[in-house]
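The form predicted alone is given below as one chain in structure tokens.
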Amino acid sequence: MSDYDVVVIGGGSTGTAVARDCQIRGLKTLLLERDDIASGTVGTCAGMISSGLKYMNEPEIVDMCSSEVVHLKRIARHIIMKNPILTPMLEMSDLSSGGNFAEEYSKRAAEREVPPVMFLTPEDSLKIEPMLNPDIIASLYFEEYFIDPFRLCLLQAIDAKRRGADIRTYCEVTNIIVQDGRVTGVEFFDRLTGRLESVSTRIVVNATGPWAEKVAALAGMPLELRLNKGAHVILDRRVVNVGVIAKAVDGRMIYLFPHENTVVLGTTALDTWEDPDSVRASHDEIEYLLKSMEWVVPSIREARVVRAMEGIRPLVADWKIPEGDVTRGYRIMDHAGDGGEGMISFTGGKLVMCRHMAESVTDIICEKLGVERECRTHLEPLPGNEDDVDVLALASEYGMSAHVVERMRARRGTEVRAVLELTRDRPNWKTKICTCEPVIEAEIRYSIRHEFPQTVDDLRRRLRIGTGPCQGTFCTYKAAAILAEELGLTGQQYLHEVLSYLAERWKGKRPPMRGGQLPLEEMAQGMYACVANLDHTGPPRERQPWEEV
């Protein structure tokens, strides 16, 4: 008798979706994640659950993406928002390609509850977004949906956990046991306890994105990926209030999307052989994006670049073609033919496909295990999506700013009331710990108690702490103090949390460091190194690859 029916390796969008689907279908499931939920590639995307029309040469992918948007809206509408998008045109040649896009997009607009594509005059375009280049000759207007990728992954994991799955973060798989041509178990190192553990299982699902080759190798299984890196630049303000898609210097399409209190500019696409754990955005990638967007949003360099992030796409291994021609679909690799019955790996895929990928692999798992249960992940709501939330009524009832309550609602839906209830006995917990976002003390404590974060960086993924214009300068020490109190950390462990989170923020701040960001960083260094003296009195800590001595 195995400990588990399924062990899922990887806590990103696909891994958490697989764990949820397997558990809903009655399979005893364990999810193992080396770091935190959504700490890998999915955390470096812009969050667009695209209709797939960038891939018009693969109509089956367009249809899949369009349908998946509908499903995600049904199960996770509280963490989804719809963004208007403009594609400004500066040359007559842009109009022909725009016409093809408009026709295909409009075919599927009704099912996604968005209007068909509209061609706008320069005057109408500038009324919608005054920051556009006044020399544009026209623009395309359409709408796309965006989701909070961190909350999606977390809610899928929490839903699986509430249904009986075991979710283990900070557990690194060190060996996949194969006996007589069949996977029988997994060995892993618990980084929190320092213990080596092992479990038996009938199925192992490798959903580790760009790390999939390494994980497959633990079982002696062959797997090949075409790794492709992409950079995003985060600006300190809403440079635009609608999305803007434009041609880059090389003719590729890039975008500038409003994102919470900032904007996200992306993305590059470069084949890479770098280590996914230490990849960083380069100066050239940052300038490529800024120069390209500057043609249609001339004021973009007036904003402060607060961060750059780099992620790696685990593309299907199609070679000797341009990266833009590689399918953005996915493949499921059943390793039975390689002598690894029960081992299944993913290659390729996108955020919007995660539920579909999970359904497909769980169908295969059920067939292997003789289980006859239909998928219900497109019907069952994720936690917090059970009902509408009256933000104004809650703000009035609890004496809170409507802005604070709305930001909380956008993260957790109907669970907002449970957070606000904590402030009845502790009104001081209404205090804003992160003023950029904003995040109050009660929500931090609620997250620690119910969403299994282990570090301040985990809290960032759950609550957006430290992701605004100050990049953690003013909230790190406060959030770390709350975490230390809730988890019973020592003084040295508290200081370790502060230093570790500042180092994590440095990873994204260092590559674009320039202009107005320099004095802010000097202030942060002054607070933590000069006043707090942490550069000399802090606890011993292993430096990360991106930290400069």
Partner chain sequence: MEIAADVAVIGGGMAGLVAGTVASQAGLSVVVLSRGHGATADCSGAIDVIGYLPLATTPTVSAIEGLHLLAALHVLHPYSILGLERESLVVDGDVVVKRVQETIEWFLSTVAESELRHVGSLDSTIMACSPLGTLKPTALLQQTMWSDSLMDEDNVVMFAGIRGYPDFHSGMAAKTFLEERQALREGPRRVINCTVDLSNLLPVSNLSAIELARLFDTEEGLRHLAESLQSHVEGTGASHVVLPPVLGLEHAATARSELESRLGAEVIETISFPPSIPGTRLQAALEAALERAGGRLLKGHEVVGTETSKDRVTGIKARGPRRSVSVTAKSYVLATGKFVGGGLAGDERGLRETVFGLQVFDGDRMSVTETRPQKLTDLTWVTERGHRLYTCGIGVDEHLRPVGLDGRVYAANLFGAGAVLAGYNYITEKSGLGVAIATGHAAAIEAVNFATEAKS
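Residue numbers count along the first chain shown, from 1. Just so it is clear, the model here is predicted, and its values are computed rather than measured.
There is also a form predicted in complex with its partner chain; it is not shown, and the following applies to it.
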item: Options 207-215, 414-422, 471-479, 164-172; stretch whose heavy atom lies within 4.5 Å of its partner chain in the predicted bound form; value: 471-479
item: Contact of N428 with its partner chain in the predicted bound form (heavy atom, 4.5 Å); value: yes
item: Distance check, G47 to its partner chain in the predicted bound form, heavy atom within 4.5 Å; value: no
item: Its partner chain contact at E386 in the predicted bound form, heavy atom, 4.5 Å; value: no
item: Its partner chain contact at M513 in the predicted bound form, heavy atom, 4.5 Å; value: yes
item: Non-hydrogen atom within 4.5 Å of its partner chain in the predicted bound form for each of D63, H356 and L382; value: no
item: Option touching its partner chain, based on a heavy atom within 4.5 Å in the predicted bound form, out of R112, R304, R280, K368; value: R280
item: Sequence-ordered list of residues in 216-240 near its partner chain in the predicted bound form, where near means a heavy atom within 4.5 Å; value: none
